[in-house]
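Quick heads-up: it's one chain on its own, the form predicted alone, in C-alpha cells.
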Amino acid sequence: MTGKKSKSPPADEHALDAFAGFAADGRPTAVERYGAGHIHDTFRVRLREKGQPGYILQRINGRIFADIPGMMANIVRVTEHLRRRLAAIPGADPAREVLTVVPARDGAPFLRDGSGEHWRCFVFIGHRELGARPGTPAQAREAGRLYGRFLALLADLPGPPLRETIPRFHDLARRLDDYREALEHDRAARSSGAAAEAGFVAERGQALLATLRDARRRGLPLRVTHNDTKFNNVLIDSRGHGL
C-alpha cells in the first residue's frame, strides 16, 4: 500500500463533446464516470455555477437497445405523466421525484454524435449511495413503497401501449422456455448447486404462466410495470426517504 488515494477513472474523451450537444444550462467544470451500472456508460457533469445540481449523461448501449428512439419515447411519456400526476399531489416534489429529460439542441430526447453513438441527459438528483442491497428493513420497505407508488401513478397512463423496444424481453413464456433449455444443457455445470431453485421454478413457473394467461382472457387490463425492481434502482435521500 502506498497510502495514496486512488484516482477515479478518467471520463470518456467524447463525453464533454456530447454534453455540449444538449440544451443544458450552466458551464461544465468536470465530467466524471459515475455509478456502478453495467449497461450504459454513465457520467456526472458538474457545473461551475453554485447551487446547480448538474447532470447525468449516458452513452446508450446500442448493442442491447437497438430501438433507441422508441426507448426514449417511452421514457418521455412515462416521466411526463408522472410529473403531471405528482403536480396534483400536495407535498410532492416533481423536480426531485421524477427524472427530467434534457433534450438535445435539435429538440430530440437523445443525441447521435458524429461517430454514431447515442447519448441521453438527465438533471442530476442528489441522493445517498446505499449500494446494491438494503442495509435495514426500513430501507427495503421504502424501496417497496416507491415501486408501488410508481405503479399506482402509471395505472392511468393514457394512449397506446408503450413501445416494445426489445422484442419479447418481458415475455414470461419465452423466459421459461429459455430457462428450461439452459437447465437441460447445463453448459456451466451449475445445476447441481441450484436444485432447490430449480424445484421452485418447476413447481410454480407453469402455474404462474397459466394464471396470467387466464387473467388476460378474463379481461385483466395491460398496465405499465417496472420489471427491474432491484434496490439500487430507487433513489433514497439523506433523510432515508425514497424519491
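The first residue of the shown sequence is 1; numbering continues from there. Predicted model only: the values in this text are computed from it and were never measured.
What comes next is about the form predicted together with a small molecule, which does not appear here.
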Partner proximity in the predicted complex: residue 37 to the small molecule, non-hydrogen atom cutoff 4.5 Å: yes
Residue 56 within 4.5 Å of the small molecule in the predicted complex, heavy atoms: yes
The small molecule contact at residue 224 in the predicted complex, heavy atom, 4.5 Å: no
Residue 42, heavy atom within 4.5 angstroms of the small molecule in the predicted complex: yes
Option touching the small molecule, based on a heavy atom within 4.5 Å in the predicted complex, out of 123, 157, 86, 72: 123
In the predicted complex, the one of 163, 127, 141, 170 near the small molecule [non-hydrogen atom within 4.5 angstroms]: 127
Within 4.5 Å of the small molecule in the predicted complex, all of 99, 232 and 235 (non-hydrogen atom): yes
Heavy atom contact within 4.5 Å of the small molecule in the predicted complex, the stretch among 114 to 122, 149 to 157, 133 to 141, 77 to 85: 114 to 122
